[in-house]
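Single chain ahead, written as structure tokens, the form predicted alone.
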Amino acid sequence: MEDDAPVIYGLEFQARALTPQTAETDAIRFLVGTQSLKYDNQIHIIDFDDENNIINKNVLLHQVGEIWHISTSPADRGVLATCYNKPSDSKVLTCAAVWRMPKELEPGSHESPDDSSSTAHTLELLCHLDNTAHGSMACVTWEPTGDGKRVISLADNHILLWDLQESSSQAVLASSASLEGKGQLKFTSGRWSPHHTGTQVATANDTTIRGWDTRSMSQIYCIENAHGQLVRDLDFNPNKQYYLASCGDDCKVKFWDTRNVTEPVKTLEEHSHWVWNVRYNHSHDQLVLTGSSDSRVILTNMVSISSEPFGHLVDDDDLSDQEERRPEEKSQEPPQDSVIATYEEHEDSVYAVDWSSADPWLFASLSYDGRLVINRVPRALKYHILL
């Protein structure tokens, strides 16, 4: 089989929530949450066998409601959080809860029965992130470098910092802040920065991006009119502490330096409809992945604003006599930003894309019709980056 060929998995329900299992760095594993109004919702645990190019799945029942967002603990492979819809008093409220998956489904366990793929397992509820006073939850984001004890949830116009105590069975509200002023004051998404010792979080509401200091819950920067329409998603560059990517309903992907937010550093306009997701590769930050309602996933090489803008540098001192560089090689232009590939395996809006936490060259995308596609970075580019 061709090495770069996509692997496709179909869920029987519609879906829009996808996450890699962040704490799992050996096995390639993604979690997908379904959105069914009629039947019990499910979380599909997708294990990808890279050597044989096949997918193994396990199903967890998520009976409390349709899943709008899913995220996993960076420290504990068995713990995850979901945001789900729950009808209450003639209106629908989006709630959030922290769960534990059964022990036998954690990678590396040998208790798994042979017929595990055909039976549905149940999730153990650890705690609710109580939002009765704050409104509907948009997302839950974990402290990236932490011990899985601190999460931030965004509920309507509130940003809430929780401490998970007693083995995550109790969520204590540590601090909070809220948006005030005119306009649409409702958070759409947020990301916790892996830099600054875990003290910075970025949020999006309407067309505005804000940075927050988690110690004082005060605003540290604000990018007004970051996009012409609603901002859908954010992601931090894992290797450059001030760099942030955003995407939105104006079909654009923008890259920002949070020290100077008057203008974006770069803007991409490759999609023809709303861009729902933007993700930096965790190891090679020039690789940026985006998914859109135009049913396409685009992989871009943003090398000019990456941590290696001149490609993989080799010191002249490190070269042996045989390898001494030719003069024409030294004067080469730096690599240019470009679209690496456009993936068109989806037939519906792509609501989620994400990189594997175990293999930096592998990513998954999810469209609303329940189609999950696993793709690889083209082999030629992989070797170009590495060598």
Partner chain sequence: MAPGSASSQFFPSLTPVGCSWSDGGCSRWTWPGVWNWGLSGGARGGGPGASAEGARDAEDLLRSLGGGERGAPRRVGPPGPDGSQRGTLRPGSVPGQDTIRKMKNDFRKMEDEMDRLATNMAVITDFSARISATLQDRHERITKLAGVHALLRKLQFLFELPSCLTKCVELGAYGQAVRYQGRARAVLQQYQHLPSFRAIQDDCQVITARLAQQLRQRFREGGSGAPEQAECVELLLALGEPAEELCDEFLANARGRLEAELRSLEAELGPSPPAPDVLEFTDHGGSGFVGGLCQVASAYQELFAAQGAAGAEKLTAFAQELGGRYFALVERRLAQEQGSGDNSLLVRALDRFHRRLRAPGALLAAAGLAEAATEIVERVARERLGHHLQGLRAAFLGCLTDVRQALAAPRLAGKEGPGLAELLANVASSILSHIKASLAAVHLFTAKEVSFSNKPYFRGEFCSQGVREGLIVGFIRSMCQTAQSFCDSPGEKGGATPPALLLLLSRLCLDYETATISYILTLTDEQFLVQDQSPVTPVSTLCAEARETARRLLTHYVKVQGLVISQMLRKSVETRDWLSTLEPRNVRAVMKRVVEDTTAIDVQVGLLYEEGVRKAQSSDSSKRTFSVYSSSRQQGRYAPSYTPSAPMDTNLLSNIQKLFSERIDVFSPVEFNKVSVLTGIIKISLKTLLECVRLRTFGRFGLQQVQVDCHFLQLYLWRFVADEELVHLLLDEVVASAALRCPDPVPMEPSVVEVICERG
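Positions refer to the first chain, counted from 1. Given the structure is predicted, the values throughout are model-derived calculations rather than measurements.
Below, we turn to the form predicted in complex with its partner chain, even though it does not appear here.
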Of the candidate stretches 155-163, 129-137, 76-84, 229-237, the one with residues having heavy atoms within 4.5 Å of its partner chain in the model of the complex is 229-237
Given that the partner is absent here, does Glu269 sit within 4.5 Å of its partner chain in the model of the complex, heavy atoms only? yes
(Q) My question is simply whether Trp355 lines the interface with its partner chain in the model of the complex - judged by any non-hydrogen atom within 4.5 Å. (A) no
### Task
Consider Trp142 of the chain shown here, and say whether it contacts its partner chain in the model of the complex, taking contact as heavy atoms within 4.5 Å.
no
query: Is there any non-hydrogen atom of Val339 lying within 4.5 Å of its partner chain in the model of the complex?
result: no
Checking Ser283, Asn225, Asn260, Ser218 against its partner chain in the model of the complex, the residue with a non-hydrogen atom inside 4.5 angstroms turns out to be Asn225
Answer key: of Trp256, Trp99, Trp276, Trp212, within 4.5 Å of its partner chain in the model of the complex (heavy atoms) is Trp276
Of the residues spanning 26-45, the ones with some heavy atom within 4.5 Å of its partner chain in the model of the complex are Gln35, Leu37, Lys38, Tyr39, Asp40, Gln42
